[in-house]
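Just one chain follows, in the form predicted alone, and it is written as structure tokens.
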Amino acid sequence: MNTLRSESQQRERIPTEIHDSSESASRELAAYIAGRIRQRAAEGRSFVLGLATGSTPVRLYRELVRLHREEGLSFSNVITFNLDEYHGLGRTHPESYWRFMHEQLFNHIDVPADQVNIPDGLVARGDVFAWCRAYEERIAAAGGIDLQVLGIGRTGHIGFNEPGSGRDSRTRIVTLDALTRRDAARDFLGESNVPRYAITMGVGTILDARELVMLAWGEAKAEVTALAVEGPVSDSLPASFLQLHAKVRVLVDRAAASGLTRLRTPWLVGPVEWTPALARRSVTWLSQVTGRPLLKLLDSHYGEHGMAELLTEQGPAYHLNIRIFNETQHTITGWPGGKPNADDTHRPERALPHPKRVLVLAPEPSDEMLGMGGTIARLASQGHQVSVVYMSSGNLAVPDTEAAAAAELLMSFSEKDGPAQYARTRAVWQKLMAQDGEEGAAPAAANEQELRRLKGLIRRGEARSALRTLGLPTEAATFLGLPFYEKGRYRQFRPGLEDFEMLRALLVRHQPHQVFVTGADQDPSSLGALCFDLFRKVLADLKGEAWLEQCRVWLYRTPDKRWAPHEIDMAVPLSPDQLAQKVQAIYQHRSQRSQSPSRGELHSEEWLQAEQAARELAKAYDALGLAEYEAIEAFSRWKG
């Protein structure tokens, strides 16, 4: 068991290091790995390194490549073992982990090919058991794994050890959890394309490594990381077994750390500075855990929940309750662009200027409707100049089945009067149909521009239809089409100077009074986070521009990443009709609807998630003792 390092970490059963960013954490780990490699090389010995895949270790691998190229780090004495591989995928499949590891790391360093070990996705089912035993024997023959790098999935899995995996499990074939497959659906252009099985090192195999390092980035990993670090050991959360290891640590960025007690409720683990923001967070939390409205909290409730010091500094409860109630009430507005000719002292947005130039930035089409469709309609109806900017085409998110249907429609129109276009479209359609239903088939022509162009047109049409549903003209849409997206694919995007210049020119051209943007605190390799980081860099470059001094930036979130009440600076209520309009707008994004291959029925529909999220936020405000609304969309002001 690991020893306690500070009072604030008293609930953490694994040493956890919080970094300002995934980049700084990755640099620290890469430097540590480099030191171990060089030490072993000086001793004339090998270093056995266990590796993970997915978006989490991408920045680590880029830093290792940099160390090799710029600082002469040699990997000639390194033997690697990868955690897992999808069963049924060959090495050339775009989503195979063999291909991922070579594209991200092995092709760029000097590790000998015969020292690279990755599970074979094409081993025959009847031979899997023997193959897995041989993999374990190869690890043992190498002397065991010195350092194993891990990520954590939303189900708490490490490797592909899904909930239910035992402490002593070894390398084997496993059935993937439904949530794991759903999370991978976008990479595979549809959940039906995601393999159902994978070969993975077992929990016992992982725990045999001499040292373990688990990485977690982004707010989506906050809850499960906190459970793994602070909760009980359980096979329902395989990552919790890491608590049993003698030499393990967890590296997180601030977003992924937000679920830890020392950040979520720091007053429960030590003395704190009771800033206004922390007071609001703690009192809101107290209302939620006691199930009492803000104005009905008593001194005794504060004392029973570790907040007596707050009462001493800022109480009594009666006055503190009223202050937090008023602060929360002032976030509510029906005028997200500011109400003209009104006192805006306690309003979240300025009255003037009116109308405002408003930019809504969406990483890909539908993000803006999911997060703030009702607010977009409200801004437009109140006379503001609303422009919705789609930073990417979103073509990678269109399933092949949708593209095939669109191609058939195009063929029916162009067969007689457009033979050249008909021939091109038919070629795409034939390739799509040839792979329809083929087990383990790669998404058809994933890098072919003709297919991606067709899928981009599908998403453009859906986006325009959604805007019309909200009452906006189609001219309100700008399809920026950032090149990094068109040239790449998920988990491997790398924005560059061309993308920076395009976004900068757009902002300078519009000189907005308001910008609504999403992606902050997401997994840094996600499209949303990359787009937000690009936006952040552009604003830093424009610092000092007169128009920017008058521009306010509002963060919105999609339904799977919801705001807590204390994080909200502007809450926009929606009536039943406005909520229905938002849902109808989301529904226009037909290519993004999910089909369950097992039941043949719709599941996890985005419009249902968005509707539920907006209703639940309204209920949360109601539970705090504020007015009861049908639904609420929420925003946090970003100050850079």
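Heads up: residue numbers just count along the shown sequence, starting at 1. Fair warning: this is a prediction, and the values are worked out from it, not measured in the lab.
Just so it is clear, the following notes concern the form predicted together with a small molecule, a form of the same protein that is not shown.
The contact residue chosen from 221, 384, 557, 262 relative to the small molecule in the predicted bound form is 221, the criterion being a non-hydrogen atom within 4.5 angstroms. Contact with the small molecule in the predicted bound form, defined as a heavy atom within 4.5 Å, holds for exactly one of 53, 588, 578, 26, namely 53.
At the 4.5 Å threshold, heavy atoms of residue 157 reach the small molecule in the predicted bound form.
Contact between residue 180 and the small molecule in the predicted bound form is found at the 4.5 Å heavy atom cutoff. Shown alone here, residue 83 lies within 4.5 Å of the small molecule in the predicted bound form, counting heavy atoms only.
In the predicted bound form, at least one heavy atom of residue 153 sits within 4.5 Å of the small molecule.
Here the chain stands by itself, but in the predicted bound form one stretch of 53 to 61, 606 to 614, 38 to 46, 568 to 576, 53 to 61, has heavy atoms within 4.5 Å of the small molecule.
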